[in-house]
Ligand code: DOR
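Below, in structure tokens: the form predicted on its own, a single chain.
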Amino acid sequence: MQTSLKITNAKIFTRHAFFSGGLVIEDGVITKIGKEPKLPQADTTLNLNGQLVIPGIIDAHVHLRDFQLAYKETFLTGTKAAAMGGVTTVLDMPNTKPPTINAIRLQEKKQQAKDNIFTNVGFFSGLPESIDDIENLVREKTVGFKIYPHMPISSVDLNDDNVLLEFLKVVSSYNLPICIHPDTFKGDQKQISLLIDEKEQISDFLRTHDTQSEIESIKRFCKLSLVSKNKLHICHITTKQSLETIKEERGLNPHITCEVLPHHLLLSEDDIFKWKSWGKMLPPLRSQTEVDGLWEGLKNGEIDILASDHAPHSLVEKSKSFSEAPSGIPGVETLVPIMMTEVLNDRLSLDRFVMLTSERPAQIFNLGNTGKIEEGYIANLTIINTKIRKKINPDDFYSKAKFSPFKGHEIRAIPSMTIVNGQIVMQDKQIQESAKVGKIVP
């Protein structure tokens, strides 16, 4: 049963400016923003004592796993972790086991998620085996299609541009984004596995997943999307030249967007030698020069969104040698604390942070009236305590993946409350276990 909620004495970030006052939520929607005593009464009143309220964080790149990968993460644990991290909506990737490449698989995911999610969840699909299946996936409300050129999850020949174009043209007719993982593996995995020295394994991994392969992949898909007239979203870019390429291509096709991840902004390739398999991810960490280039693009508006690429694995898997360990790190619980700390350190404006994590993702993935704090918008809100100093401890994660190359990283901000669809899901580091109020987003 929905009840009304009034928030008072808050520092609300609305319309790209601060507003000291409060708001009222009824039936999951923001109905009034203003100051006391003009705010109407509500069933429950919360005095936030000056804490910061921003639009609910939308993490557009998350791997919730489940099914045959439930030992890594489930919809339940993953959305709990998201809520703990101040995230109100996550978009789940299709490279699951089995992969999400047809309407039946998407239906199964939605059924599994139903009644087991603490945040809103949207689902990407991979390219289906048949073009005819695209329409069925659209009917099941997929938020977009994800392509992994270096590791296909269906039988579509991703090396054949003509085949790809046929698929892309059909997707374009539904006005849904195509998302790509820009990478082209240049090496022999078996040969890398034979290397005994772990430093050599890491060096070979960096060589076979170099910056040039990312740039080539971006150029290829930009050209394809120009012909097919697709919305193209380029995931987790890592190089300054990638940004320059995207900037040039936008001159021909304005419907190109891109994202960056916190670990590519705050860690460098030196850290992968420090953390070894615990810091193994795709794309890998880059040089400090590339990191600096990403920060420049983040500040000047060339990058559209910040996402986590939350990719949980078991401790047993990540404890293996570098060549054997899977790529990926958890991130949905550290995205907000890490990047809000950078806001407090004056490396990024709060306006840009909100645009990157709420407003722009809602626009790119057609998520409706969310991503802003305005009357009539869904009450997805992230409340942040900016008067704290602590260090990240992966043992405290709600995710099953209790490891992070950010272990020991000092933060100055943490989400103190997460409100999803008008209801408090997380408060004071505690998940409200009865608040499984997340919805499947179209």
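Every value quoted in this text rests on a predicted model; they were computed, and no experiment measured them. A residue's number is simply how far along the shown sequence it sits, counting from 1.
There is another form of the same protein, the form predicted in complex with the ligand; it is not shown, and what comes next is about it.
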Check your understanding: Looking in the model of the complex, is the ligand within 4.5 Å of a heavy atom from each of Asn95, His313 and Ser327?
Key -> yes
Study note, to complete from the structure: in the model of the complex, the residue from Leu266, Leu282, Met355, Leu168 with a non-hydrogen atom within 4.5 Å of the ligand is Leu282
Review point. Which one of Lys276, His181, Lys372, Lys231 is close to the ligand in the model of the complex, taking close to mean a heavy atom within 4.5 Å?
Key: His181
Exercise for review: Have a look at 61-69, 47-55, 28-36, 377-385 and name the one stretch with heavy atoms inside 4.5 Å of the ligand in the model of the complex.
Suggested key: 61-69
Review point. Is Tyr148 one of the residues lying within 4.5 Å of the ligand in the model of the complex, judged by heavy atom distances?
Key: yes
